[in-house]
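A single chain comes next, written as C-alpha cells; it is the form predicted on its own.
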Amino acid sequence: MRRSADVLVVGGGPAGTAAAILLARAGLEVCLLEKGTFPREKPCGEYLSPGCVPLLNRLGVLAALEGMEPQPIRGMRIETAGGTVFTGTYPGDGLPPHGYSLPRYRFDALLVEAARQAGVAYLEGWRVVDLVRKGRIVAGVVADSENGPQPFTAPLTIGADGRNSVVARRLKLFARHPSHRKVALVQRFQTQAELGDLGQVYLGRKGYCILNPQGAGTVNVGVVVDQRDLPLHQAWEGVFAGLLGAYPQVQAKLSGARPLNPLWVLGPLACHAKRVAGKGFLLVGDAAGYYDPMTGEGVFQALRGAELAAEIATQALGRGDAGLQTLKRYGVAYRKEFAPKNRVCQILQQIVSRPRLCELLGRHLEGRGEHIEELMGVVGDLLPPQRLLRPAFWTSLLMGKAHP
C-alpha cells in the first residue's frame, strides 16, 4: 500500500469522491481515505436537487444512477402551521426537470465505485486523526486503522470529511454559527401511504418536518427543531415520536410504518470554515461550511464544490504550486458560487421561524405561479439564487392580493 500521492482526499462522501474522480481523470495520482466501510448509512435528507442532474452527467455517473431507479422528485408541497398549502414543480423548458431521492448508502456506493474505476486508490477503515505539516504547509495526514496510525503524504490535501471535519478542526478553521442551533432527527420508514413524487414540507410552530418519498412506500422523514426546544433526559426515539406529534398529517402517513434504519440525530445544523483554502489544502462539501440545508442543496454544493476544487487543484499541481498563491483562487470561486444561495437559506430560515409571516407569505403564494416558479427554480438549484435576493421579488409578492 502506497502512502504518498499527488492528492490526498479525506472523506468518501459525494464531495470527496467527486473531487477524487475528476482529479484522477485529469491524470493525477489520488488517494482517498474513508473512515467507514461500505455500505454505510449517512444522516441526510437523501435528496438530489434537479441542479445535481447535469453535475452527475458531467461526472459520468448519471446513467448508472438512473439505472438504480431512484424516485424522481418533481417539486414540493408546502403546508404552513395554519393549514395554508401551496405546491410548486421545478421549472424548465420541454420535459420538466426533476431531482431524485434515494438512500445515501446506495448513492455514495455508486460514487465510490466510479472513483475506483477512475483509478483512485480508495482506502476504507482509515480515520484521519491529525495533519502532517512542513512548517506552515499541510503535507498530508496521519490516519489510524486497526494496524495503528500511519502518515500519508501529498502536495495537496482535500478535506471532504463533513461537518465535523478533522482537517478543518486541526487547522483551527472550524466555527459554529453563533445563534442558529437547530437539530435534525432523521429516519427512513416503510409505509403503506401513497406518497407521490413531491417532497413534502410541513412548517410547524417550532421547527419543520420534511418527507422525501423514495418509491415503493419508502420515505425519508426528518424533523428539525431548535436545540433549546428539545426535551431533556429522554431516549431519542421518544423525543422523535414526541416531535412528530406536532405534525398529525405526517403521523397519519406513518401509521403502521416500519423503521428501516436507526434514528440519526444531527446538530447543530450550522457551521463554517474561516477559510476554505491555504498552503497545501482545500476544503469541500460540508467541511467548507454547512447552513441548515432546508432546501436540500447539500449534495449540489458537494458536487459543484468538487468541480471547483478539482479545476483549481489541477492547475496548481500542473504548475508545481500547491501553495497559497494558486489555491486561494478556490476560496474566491467558492464564495462567488455559494454565498448567494447561503444568503437565501438564511432568509428562508428567518421566515420559517416566524409562523405568522409563513402564513402571510403562504397565502400570497397561493395561485401566484410566477413567484412559485421562481422560488422553486432557486430552491432546485436551477436558477441563480440572486433572483430571490432582489427586493422586487418580495415587493411584488407582498403587494399582490393574498388568498382569503
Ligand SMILES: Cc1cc2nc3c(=O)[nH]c(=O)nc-3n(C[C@H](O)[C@H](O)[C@H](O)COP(=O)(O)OP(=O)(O)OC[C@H]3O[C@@H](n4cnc5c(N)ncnc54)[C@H](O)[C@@H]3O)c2cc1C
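Keep in mind it's a predicted model, so treat the numbers as computed, not measured. Numbers for residues come from their place in the sequence shown, where the first is 1.
Beyond what is shown, the protein has a form predicted together with the named molecule; the following relates to that form.
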{"item": "Stretch in contact, per heavy atom within 4.5 angstroms of the named molecule in the predicted bound form, of 297 to 305, 188 to 196, 83 to 91, 232 to 240", "value": "297 to 305"}
{"item": "The single option of Ala257, Leu131, Leu266, Val201 touching the named molecule in the predicted bound form, heavy atom within 4.5 Å", "value": "Leu266"}
{"item": "Residue among Trp126, Phe281, Phe152, Tyr334 with a heavy atom within 4.5 Å of the named molecule in the predicted bound form", "value": "Trp126"}
{"item": "Distance check, Ile78 to the named molecule in the predicted bound form, heavy atom within 4.5 Å", "value": "no"}
{"item": "Arg104 within 4.5 Å of the named molecule in the predicted bound form, heavy atoms", "value": "yes"}
{"item": "Contact label in the predicted bound form: Arg343 to the named molecule, heavy atom within 4.5 Å", "value": "no"}
{"item": "Ala20 within 4.5 Å of the named molecule in the predicted bound form, heavy atoms", "value": "no"}
